[in-house]
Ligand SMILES: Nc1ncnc2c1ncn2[C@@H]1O[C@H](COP(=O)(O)OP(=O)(O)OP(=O)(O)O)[C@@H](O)[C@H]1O
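Heads up, the chain below is alone and in the form predicted on its own; it's given as structure tokens.
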């Protein structure tokens, strides 16, 4: 047997596997690195988050990614070069984190690399009948495996699409394994660049699990913070709090076919871009708004669409525990507005469940890698939620 296959076979049989989960989202804020100790699989999964760090993307790295990020017209040379270049950077940052944590690469069993999404194009966005759902994540797994010496799983979203999904959200697989609790109906609400939530039924029936994107989380807030205030994001909603919501613009922003699509649905910055907002301003004759009013209105836009999506699936006479994560969990105006619109729901953080909210997405990809090596695939019994394991294997040299 090939020595790498033998090593993988040995890893699969271990009682506890140490897996590094990596996540870099559409906000382009940095690389989340989570070292997890994982035992079991499926509903028997147990995770201990041993170490976590976020390596901020330098401005130069963000600038290079933005040359191809969510754009219809790009330099293919730039895209081609970014794939190994970013992979080598990610590998370097992994090794630096391990050194800081006093962990050797030999002590790590697997790396789960989400990669960097550069374009997400489900059918509901591209609307080309002869073409399937599609998504593209760069950061090549072979380069990470060779540079770190650690078996790497990557490119998780392609299998999801091949099996009938849209490539997102993938959080439900880890959410169901890790956060389900008998007798408690839970909502796992992640507010990254795009917001999504997973409903976990207290009866643990996988057919009752529900997941969808809701629309923008932070992507528009971050884009206009950069354009209007030359900062990466609106820290503590400082700018939005100084403005007033413009109801005319808000109505125009919410008037898009995406919000009428059935669940589950996915989206990305390809739709919710600066051009989307400026088109809404022109149609609503609100181009003269102050920067602060724009930030306030965009925050209300995210809060309204998140709350509207939740309202459409939750029963008024039932109690739910809502756990938030992602950058939006740190935005007091956004979380406050959601609470106002859903007064029966109390927002908690995933920290209360033992996983830091900022680490959650990286941890969930570590779980996906664990499932690929040890799991059977969870049958949710619904279109768009295939019963599969995901991730492509890359072996060290």
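Bear in mind the structure is a predicted one, so any value in this text is a computation, not a measurement. Positions refer to the first chain, counted from 1.
FYI, the form predicted in complex with the named molecule isn't displayed, but the following is about it.
Contact between residue 234 and the named molecule in the model of the complex is found at the 4.5 Å heavy atom cutoff.
The shortest heavy atom separation between residue 371 and the named molecule in the model of the complex exceeds 4.5 Å.
Contact between residue 192 and the named molecule in the model of the complex is found at the 4.5 Å heavy atom cutoff. In the model of the complex, the named molecule sits beyond 4.5 Å of every heavy atom of residue 385.
Only one of the listed residues (218, 154, 297, 267) places a non-hydrogen atom within 4.5 angstroms of the named molecule in the model of the complex, and that residue is 218. For the residues 350, 41, 335, 27, the 4.5 Å heavy atom test against the named molecule in the model of the complex is passed only by 27. Here the chain stands by itself, but in the model of the complex one stretch of 242 to 250, 204 to 212, 82 to 90, 218 to 226, 218 to 226, has heavy atoms within 4.5 Å of the named molecule. Residues of 324 to 339 placing a heavy atom within 4.5 Å of the named molecule in the model of the complex, in sequence order: 326, 327, 328, 330, 331.
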